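Shown here is one chain on its own, the form predicted on its own, set out as C-alpha cells.
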C-alpha cells in the first residue's frame, strides 16, 4: 500500500504527482529531492533506493533520467514497491513509446489516467499493458524519436542484410501507424552487462555477465512465438537443467549459472531443443534473465602506468586495446581514473590522428581524469599520456593514492557470452501473414575496473 506517487525530473521539477490516501504531507516531493541531492550518510555514495524521513518511507528508482518515487507511512516490502515503480515506468513507456520529460509533459492527461487505473486508493490493481487497454482511452501524443540522443550503431536492428534504426522501437504499442495501418513487427534485444576486474598486471580477477532477452511486440492477434537458443546451452555448472534433471548436451560451450523466465514462457521443450514458447503480451518485457560467470574474453584490456617524474610531478600512460573483431565498432567509451588528491593540474598528450574522436578532461573538484572516445574499432589500441602536477611531493608509492581505472562502453551487434537466437518463429494466421523480425545484440559495461 502506498500513499503518494510522483515523477521528478533531474532538476527536481514535479512532473507528475498523485496523492492516493492523504496520509503524507504535500511537500514530500521537495523533502525527497533535497534529501537525495544532499545525501550525507556516505560522501561518495548515492541515496539508497529506500529510506525514511520523519516517519515517511521513500522508495525511488531512476528510469531514463527520471525519478519515480512512492511514499508511505506503513511498513511495506521495499522490493515490492521498487518493482511496482519499475513496472509503472514500463507501462508508461509502452503507451508513450518514448519515456522522457518531454513525452510526460505532453501526455500528462494519459499518464494520470494510467496511474488511476494501475493504483486505486494506494493498492495495486494491474500493471499489464494488455489489460489496461480496456480501461484507458486517451490517445498518446507522439514525441519525435529523432530528437533523442543518437546511439550510433547501437541503435540498429538487423534482419539478414536489412537494417532498421533503433528508433523504430520507440513507438506506442497502442497507436497505429499514420493512415490507420497496423505494425506487424517484433523486436528482440539481447543485452549483456559485463563486470570485469583486472589486476595491476592485467590478470582477470573477477568476471561476470548479467544478461537479458528483451522483447517488444507490435504483432496483432498475439500469435504464439517460438524462440530458439543455442543447442549447446547448459544451465548450471554441472550441466543440470532448470527442472532438476541432467541435460543431454554434455559440458557445452555456453554455460549459464542460473536464469529465470517471464511468466508467459512455456518451458515444455526447453530441455529438449532449447526453444522457448510464448504468447507475447503487449508492451516491452523480459523473456529471460540470466547470469554467467564462465570464463570469457573481455572486449577490452586496460593498462595503466603511473610514475613519478621529479618533484611535484608524475607521468601517466593509459592504454586501451579492443579484443574483438575489426568488423565491430564500440562507441560511447569513457575511461575514468581518480588521481592523488593533491593534484592541481593535468596536461594531456593525444596520439596522432585522435582529434575529433577523443575528449579529455580533469575534474578538479573530484580529482578525476576523464578520457572519452566516440568509437573504437575492433583490434585497435589507443593511448593517452598525461602529466600531473602536485602541490606536494608524493610520499611512498604513488599508485596507492590513485586509481582504479574504470571504463564504460557500448558494443552493438556483439555479445561475449555467445548466447544466440537461432530463429524466431511466429505462428502464421494465413499464408500472406509474415511479420518482420528484428534482433539486436548489445554489450555494455556494468563494472569494468583495472587496478594500478
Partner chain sequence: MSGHDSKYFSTTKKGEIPELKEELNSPYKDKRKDAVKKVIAAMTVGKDVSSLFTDVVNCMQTENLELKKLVYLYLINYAKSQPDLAILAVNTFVKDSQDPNPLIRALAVRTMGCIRVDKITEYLCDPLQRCLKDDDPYVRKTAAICVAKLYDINAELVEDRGFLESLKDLISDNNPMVVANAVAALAEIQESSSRPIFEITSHTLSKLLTALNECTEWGQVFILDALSRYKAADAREAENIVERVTPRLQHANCAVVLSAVKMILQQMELITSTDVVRNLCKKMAPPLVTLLSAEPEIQYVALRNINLIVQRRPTILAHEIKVFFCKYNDPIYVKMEKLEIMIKLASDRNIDQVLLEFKEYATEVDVDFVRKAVRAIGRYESIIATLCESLDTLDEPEAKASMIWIIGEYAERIDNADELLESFLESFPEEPPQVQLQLLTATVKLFLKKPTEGPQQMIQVVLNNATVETDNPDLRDRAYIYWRLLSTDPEAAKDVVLAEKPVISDDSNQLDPSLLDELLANIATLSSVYHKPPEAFVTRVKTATQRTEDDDYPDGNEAGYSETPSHAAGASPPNSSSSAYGATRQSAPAPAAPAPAAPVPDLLGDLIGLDNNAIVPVDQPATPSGPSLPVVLPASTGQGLQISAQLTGQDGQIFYSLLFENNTQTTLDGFMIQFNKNSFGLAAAGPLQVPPLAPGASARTLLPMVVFQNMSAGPPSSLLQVAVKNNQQPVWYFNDKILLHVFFTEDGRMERTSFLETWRSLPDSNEVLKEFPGIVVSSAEATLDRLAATNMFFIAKRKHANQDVFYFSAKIPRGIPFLIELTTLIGNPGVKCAIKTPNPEMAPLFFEAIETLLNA
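Please read these numbers as outputs of a predicted model, since none were measured by experiment. Positions refer to the first chain, counted from 1. Whichever C-alpha set is largest while still superposing within 1.5 Å between the two forms counts as the rigid core.
There is also a form predicted in complex with its partner chain; it is not shown, and the following applies to it.
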**Message:** Within 4.5 Å, heavy atoms only: does residue 84 come near its partner chain in the predicted bound form?
**Reply:** yes
**Request:** Mark residue 65 yes when one of its heavy atoms lies within 4.5 Å of a heavy atom of its partner chain in the predicted bound form, and no otherwise.
**Result:** no
**Request:** Would you check, heavy atoms only and a 4.5 Å threshold, whether residue 326 touches its partner chain in the predicted bound form?
**Result:** no
**Prompt:** Should residue 59 be classed as touching its partner chain in the predicted bound form when contacts are defined as heavy atoms within 4.5 Å?
**Reply:** yes
**Item:** Residue among 31, 427, 50, 413 with a heavy atom within 4.5 Å of its partner chain in the predicted bound form
**Value:** 50
**Message:** Please identify the residue among 279, 76, 350, 317 with any heavy atom within 4.5 Å of its partner chain in the predicted bound form.
**Reply:** 76
**Request:** Sort through 224 to 232, 298 to 306, 184 to 192, 203 to 211 and report the only stretch with a non-hydrogen atom within 4.5 Å of its partner chain in the predicted bound form.
**Result:** 203 to 211
**Prompt:** Using a 4.5 Å heavy atom cut-off, are 23, 124 and 406 all in contact with its partner chain in the predicted bound form?
**Reply:** yes
**Request:** Counting only non-hydrogen atoms and a 4.5 Å cut-off, give the residues of 329 to 347 close to its partner chain in the predicted bound form.
**Result:** 341
**Request:** Could you check whether the CA atom of residue 415 moves 2 Å or more between this form and the one not shown, using the rigid core for the fit?
**Result:** no
**Prompt:** Cα of residue 66 displaced 2 Å or more between this form and the one not shown, core superposed?
**Reply:** yes
**Message:** With a threshold of 2 Å on the C-alpha, tell me if residue 444 counts as moved between this form and the one not shown once the core is superposed.
**Reply:** no
